[in-house]
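Shown next are two forms of a single protein chain, provided one at a time as structure tokens under the names structure 1 and structure 2.
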Structure 1
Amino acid sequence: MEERVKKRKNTRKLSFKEDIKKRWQLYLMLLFPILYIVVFCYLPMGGIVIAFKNFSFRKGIMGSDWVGMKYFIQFFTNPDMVRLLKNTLIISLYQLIVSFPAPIILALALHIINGNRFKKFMQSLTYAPYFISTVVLVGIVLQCLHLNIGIVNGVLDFLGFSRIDFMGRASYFRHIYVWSGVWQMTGYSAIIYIAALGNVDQSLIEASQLDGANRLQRIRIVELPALKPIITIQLILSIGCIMGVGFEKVYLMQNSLNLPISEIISTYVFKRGLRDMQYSFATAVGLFNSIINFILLFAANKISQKFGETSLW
């Protein structure tokens, strides 16, 4: 036993060179993933410098002239900027407020009717939409909400209400975006909470029963505290994603009528950068977006640490 401990200590004391010599096969294996990360994650990070340069393909990244903060200033003084920032923030906050509690409620509801076939059926049913691609989801939304042949307007018509042009009116965009997201993601996001509810300490449940707590009281006293660490982590992660509101779905749902409300920073970056070839400007806007995002994530994590709760790192 002692010998083994010694041996381990010896392996720890290997120098870096010896470590490579001894485990070269492991280093060789790691080579491919590291190469991938460097090429497709770190090289683009280096490419961010073009936000401070007047990039032209002819001169390349290194050869292009420095312009300092020109593109940032151009963005901040742009009349579009306020609208873009507002659109991005409103849609992501709306999404956070609605789609964050939804899976918790679903998990608790399934927990209450515990242990029967209906629960299993509901679980399978609710996370099936997760597997649908964004394109198909948007297709389904367009078909169901279609002015003339969609089922929603069909039902409205049948009940004697007038038909609504959901996709033609900009004011409906945010609601459709957020609630179709709830439709698709709630079941999937609930899995983690359902798993946690399955691990609630049985003795706490029995104790609360002996004390005569009713079901709702038990949820407040036993189940919700058990979920607290996971809720905190999920909330921090969601806040860290606020500025990263899904490009794909917004882009697909955009049309000329809802553009004043549906244009967000990421779709703007895509259009200005790749369609209008304003690489440097678009990169500057994208960088601004990531920085805000990072600050939000960092702040959320700090706040959580302060309250003595779980933290990401």
Structure 2
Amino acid sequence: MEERVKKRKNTRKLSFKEDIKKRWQLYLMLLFPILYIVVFCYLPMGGIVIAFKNFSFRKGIMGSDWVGMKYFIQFFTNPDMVRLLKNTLIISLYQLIVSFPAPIILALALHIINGNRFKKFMQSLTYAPYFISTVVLVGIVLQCLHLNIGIVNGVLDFLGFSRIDFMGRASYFRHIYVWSGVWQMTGYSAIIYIAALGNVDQSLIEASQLDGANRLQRIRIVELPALKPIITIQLILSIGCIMGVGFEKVYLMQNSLNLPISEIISTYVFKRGLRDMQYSFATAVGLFNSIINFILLFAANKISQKFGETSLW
């Protein structure tokens, strides 16, 4: 009886102060990431109030005049709004349709390959473009597709075809943007799927082989179900970023000829905010974009909860 009482005393829950004293090293390690998130993620959120004020550097954020929904109404009544939303959605959906299944296919293909050396070589080869910066990537794309000195037009000219001004034709912009992104990001995005496939129960694979399943049937019956939770989470996160097309790459690829198609919300916010110094208007547009992303993320998570077993929360 006494031993049971001693065990109960030893297994009682520690208070928060006692836990800090006992594991202070872990709390110290946790302190720096929390400070980083608070300083660089949460404190800047206070600047959202600029969207509802006529911001002035001289008066500051709190001293600027309150204008309410003025800049939101100004954006909604702007004739460019429909074009900006259309361009943003088309590029985002195109990118989602093409780039989302690409790492899954790559991971499945590498998982099937038997040679370890060749598998590692291919994984390194597809992963390497991720380390190229956006500026360098766009520079490579512009050089390869250049009308006069580009290697692509050089090959077309050698084969007897006429040269194509890829960056001068607006119709090519979306294809160049999306497929160059697939080349850069597929290898990096496939890592999480490759890791998940490495944890697949080998007995299931052996059982499917004994039952006479070929490679495609094994992928459909064994490997894809193992990837289903990760695919669901990644899809929810991708849907939540539909309105958040990367600013840097689009801006670097823009020119006067493709601007009607390449102008998206993020580049519009940059130009109106920093170039034209309309900080309140740019903040309002950015806040609207973030709200749409949050609604899409919340809706995708709810749908996943209703029809599946995996969700973010």
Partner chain sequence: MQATSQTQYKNTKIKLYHTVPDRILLAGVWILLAAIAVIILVPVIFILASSFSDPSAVSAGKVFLWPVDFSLAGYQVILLSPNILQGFFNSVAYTVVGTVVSVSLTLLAGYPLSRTDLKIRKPVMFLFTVTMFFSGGIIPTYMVVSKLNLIDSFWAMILPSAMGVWNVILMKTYIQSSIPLEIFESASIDGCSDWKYFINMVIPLSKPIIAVMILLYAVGKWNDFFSALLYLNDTAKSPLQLILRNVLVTNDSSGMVMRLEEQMSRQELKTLMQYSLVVVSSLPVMLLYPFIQRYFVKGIMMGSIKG
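Owing to the predicted nature of the structure, the values given are computational and were not obtained by experimental measurement. Rigid core: the largest C-alpha set superposing within 1.5 Å between the two forms. Residue numbering: sequential along structure 1, first residue numbered 1.
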Panel number for the form predicted alone: 2
Motion between structures 1 and 2 between rigid parts - which of 204, 125, 170, 44 is the hinge: 44
Rotation angle of the smaller rigid part relative to the larger between structures 1 and 2, in degrees: 16
Between structures 1 and 2, how far the Cα of residue 26 shifts once the core is aligned, in Å: 7.9
